[in-house]
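Below sits a lone chain in structure tokens, taken as the form predicted on its own.
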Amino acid sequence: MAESAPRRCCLGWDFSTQQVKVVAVDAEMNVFYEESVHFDRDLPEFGTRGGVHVHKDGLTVTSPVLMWVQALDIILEKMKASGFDFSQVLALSGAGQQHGSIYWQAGAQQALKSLSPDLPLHQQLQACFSINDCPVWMDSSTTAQCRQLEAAVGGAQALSCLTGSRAYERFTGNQIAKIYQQNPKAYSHTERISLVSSFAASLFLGSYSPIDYSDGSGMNLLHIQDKVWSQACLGSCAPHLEEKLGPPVPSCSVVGAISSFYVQRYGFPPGCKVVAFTGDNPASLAGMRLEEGDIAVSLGTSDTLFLWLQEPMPALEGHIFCNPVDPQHYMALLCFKNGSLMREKIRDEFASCSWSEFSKALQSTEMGNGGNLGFYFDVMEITPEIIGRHRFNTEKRKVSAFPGDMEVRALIEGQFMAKRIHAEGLGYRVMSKTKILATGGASHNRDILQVLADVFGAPVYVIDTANSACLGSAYRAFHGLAGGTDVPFSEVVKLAPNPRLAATPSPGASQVYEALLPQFAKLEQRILSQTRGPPE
């Protein structure tokens, strides 16, 4: 995809679970180039399925680190063959799947610094890793290490207050603890531990890149208020860990200039800057251009909320991360497993398998559903841990069913009231300037979005976020180039395409839902207390 005229740009990279992808964005915030390498398809020799190796225990999930390196080689060669003009690249940044970790062998930094432009990266870095198959976010084999970490700091809530999350099996501190306990030799031979994000940045820098605050928040190791590693957490996981991690940095930091390897092999300018890479979720927040008070709702197989927070309240549910575009603020992440599949089941059962009938049911029922409330969890929910369908009539007595149209509204209102309650539990508050950015399959349904606007009391916009992590990475490269913390991110990306207004709150909605939300929260607690078994 050769360009006829020079086009100064920034690159945004995404090292995700199944592929490596890149976009080029020009100074007017237009995407004019994209390319990708799919691991299973383009690198079959690594034997991955969905980009990973699932081990015999069904809990351990890893990815080959050299696969990521070779994917970068392939994508750069594709760009070169297409005539891409690397000399116009002002800066680059990127995202990595959160919670994956890479273990650099002693002496690897020297190999990074002395790369020859005559050979591809993967041939020169083969002996640079003390662990060749690295744990990724799908791994759930560290339950014992999670309990040890929580016990070391005074419990799950204490850990959440420190690091933004209770202990999770996929979080990096627990993964490191497992490696130290089960493979102490490999740990002792490791001179640096990177996240997928800082590992990818290191490949471009030709030296170890620091971990940024935002992705560092997904490790159960970073003190999210003070932005330093928590000594209590480090000490619980493994010895000498602080020196193996290096000091964390603000997410908009310029961490250096690109390695001479890329200058000589591909024609990057020597002054091309590398801005700290971050996690894919924080990069998506940047790609959707959230601002203070905003909320992003992804309505897919699972439903996910991204929140911009000023004063977080870490809890046992959800995650608090340092904000990737404003180091003074925070972001929260909440995941709800019963998303589109649950909506499709109710559509099939109560709306004749038809989305238009589903929409008619929402249109024909009143806001608040006459006080009839429902909780629909056909699989065990994450937030909160409940399974089953639970319906309550106006007197808050449990009933076995509602009339069909009422069932549809109870589902959608219940899903959005749960999201608001749990968002507020983490410190989120609707502001006068709040806007909701909706993405995912259900964001195409205008009537579902109307309920979302009514429940939150804020306008809903829709945005195309197919490449939000890549796009956010390119935007963050421009932000770092412009001065990072000294310049508002919103100013840097003001030329980017605006989202489209899809729904505004109906008159009287705030009164209806302000009355219903406390009732809904009480019922949720009642179900929890009745369904929770004895403590383990």
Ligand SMILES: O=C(CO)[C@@H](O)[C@H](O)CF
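Here the structure is a predicted model, which means the values were calculated and not measured. So that there is no doubt, residue numbering starts at 1 and follows the sequence shown.
One more form of this protein, predicted in complex with the ligand, exists but is not displayed; see below.
Stretch in contact in the predicted complex with the ligand, which is absent here, among 187 to 195, 145 to 153, 91 to 99, 378 to 386 (heavy atoms within 4.5 Å): Residues of 91 to 99 come within 4.5 Å of the partner.
Option touching the ligand, based on a heavy atom within 4.5 Å in the predicted complex, out of F416, W137, F261, W229: Partner contact (heavy atom, 4.5 Å) among the options: W137.
Among the candidates N281, S253, S130, S236, the residue which, in the predicted complex, approaches the ligand to within 4.5 Å (heavy atoms): Of the listed residues, the single hit is N281.
Non-hydrogen atom contact R347 with the ligand in the predicted complex at 4.5 angstroms: Judged by the heavy-atom cut-off of 4.5 Å, R347 is well away from the ligand in the predicted complex.
Touches the ligand in the predicted complex: R409 (any heavy atom, 4.5 Å): No.
The ligand contact in the predicted complex: R170, any heavy atom under 4.5 Å: Flag for R170 set to yes.
Contact flag, L333 vs the ligand in the predicted complex, heavy atom cut 4.5 Å: Taking the distances in the predicted complex, the answer for L333 is yes, it comes within 4.5 Å of the ligand.
Any residue of 507 to 531 that, in the predicted complex, places a heavy atom within 4.5 Å of the ligand: Heavy-atom contacts to the ligand in the predicted complex: nothing from 507 to 531.
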